[in-house]
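Take a look at this one chain, the form predicted on its own, written out in structure tokens.
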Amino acid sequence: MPDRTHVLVVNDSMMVGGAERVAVDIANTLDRNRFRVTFCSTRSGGPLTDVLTEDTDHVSLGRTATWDLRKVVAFSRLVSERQIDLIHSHGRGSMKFVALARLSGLVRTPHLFHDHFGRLHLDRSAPIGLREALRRGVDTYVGVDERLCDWARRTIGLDPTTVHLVRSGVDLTRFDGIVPADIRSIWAIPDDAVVFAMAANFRQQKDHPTLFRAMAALPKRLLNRMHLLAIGSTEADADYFAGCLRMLDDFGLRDHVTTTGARNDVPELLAGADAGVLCAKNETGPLVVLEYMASSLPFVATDTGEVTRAVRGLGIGWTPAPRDAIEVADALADALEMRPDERVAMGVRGQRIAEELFSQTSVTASVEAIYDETMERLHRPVPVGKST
């Protein structure tokens, strides 16, 4: 099929994370009748490499810095040799790397940037390097949160017609036919415990301390029924993780919390849990809430991003304010007070809403439409009387 558009999806790595998962899911579900796909991780590979479809080539460049000029040349060669028609970058580091290749004149291929930046509540700045990369090295901007799109238009000054909102989706097929992990046997969790799974690496943004304070605020009778399965890497921020462990000791929560470390069987672990929880300070998704919904789990997730705003009040979970341990505790108490069949019914409703509002198929269709618009806009003949 020689007429297919060749898309190069670019991300820092293939490690497990929200932005990485979005990049892989889009790459895997692009219509192969219309698109060829190559995936480039500019820094390193990782477990998600094995998740790519068989017809998706993967290239790892091994760059060690944003302005790694040798890797910029290697990237430019890749774009040329593979005859790439469109570059789709994920994450600001990868975007700046691609923009450098564009600004250097080594790459002239259209560039669409997918922004997942989750710290907008802390950092709305636009230093000159970021501003110039976006203004001069990016043709189309896609934000996963309306606040990001507003920042791109107002702070960066991008043409509003080139800024698009695309909420994250979930590939529901990843959760079909999953055999639940027997998490109670694996980690010796009491059979009568209500297991809340929190799939989140141990780092500041995920705000485990607020969750621990909320658990400590629960009445003893409810705390004794709760067990937290904390799924995620403990290595990214060793000091933060050590502080979390100290909090567990200080609050007497050690018997109520199990940390699993990084795992490659998250869908199975979620299927074995009773509910999901996320206590992040700020998110632009958060993607993991969609994974809870796809796993038929009711959830307690702080109200931080496009996903929680979209499902707020739909009766499939609780969305307390971020950094508010009392609100989180009240939500946990409500979930713990429910009968098992009530939690199951709530989770089933959540799965149905995930299918209706957040299926990866519809999200990828929106991305494909933006591809088409970008290609048409950049290849449109210049009107008479105007110069390039």
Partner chain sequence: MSSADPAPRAAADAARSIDRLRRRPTLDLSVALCTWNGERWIRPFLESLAAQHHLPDELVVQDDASTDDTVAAIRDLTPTLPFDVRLEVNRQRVGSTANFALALERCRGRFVALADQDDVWYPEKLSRLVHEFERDPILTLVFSDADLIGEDGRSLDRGLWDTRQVGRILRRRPIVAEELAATTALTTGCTVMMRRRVVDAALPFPPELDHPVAPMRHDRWLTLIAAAVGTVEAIPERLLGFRVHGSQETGVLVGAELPKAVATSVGSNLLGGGGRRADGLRARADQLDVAAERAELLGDFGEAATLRRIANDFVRRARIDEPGRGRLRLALGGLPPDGGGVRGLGTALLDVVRAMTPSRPKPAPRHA
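Just so it is clear, the model here is predicted, and its values are computed rather than measured. Rigid core (definition): largest C-alpha set, two forms, superposition within 1.5 Å. Positions refer to the first chain, counted from 1.
The same protein also has a form predicted in complex with its partner chain, omitted here; what follows describes it.
In short, of 315-323, 41-49, 359-367, 26-34 it is 315-323 that has heavy atoms within 4.5 Å of its partner chain in the predicted complex. Though the partner is left out of this view, T173 does not reach within 4.5 Å of its partner chain in the predicted complex, counting heavy atoms only. For the chain shown alone, T161 is not a contact residue for its partner chain in the predicted complex, no non-hydrogen atom being within 4.5 angstroms. The shortest heavy atom separation between S94 and its partner chain in the predicted complex exceeds 4.5 Å. At the 4.5 Å threshold, heavy atoms of D330 reach its partner chain in the predicted complex.
A heavy atom within 4.5 Å of its partner chain in the predicted complex is found for one listed residue only; from I178, L120, A74, L106, this is L120. When its partner chain is considered in the predicted complex, only one residue from M247, L165, A193, L222 comes within 4.5 Å through any heavy atom, namely M247. If you take 204-218 and check each residue for a heavy atom within 4.5 Å of its partner chain in the predicted complex, you get Q204, P209, R213, A216, A217, L218, in sequence order. When the rigid core is held fixed, the Cα atom of A242 travels 2 angstroms or more between this form and the one not shown. In a rigid-core overlay of the protein, F75 has its C-alpha displaced by under 2 Å between this form and the one not shown.
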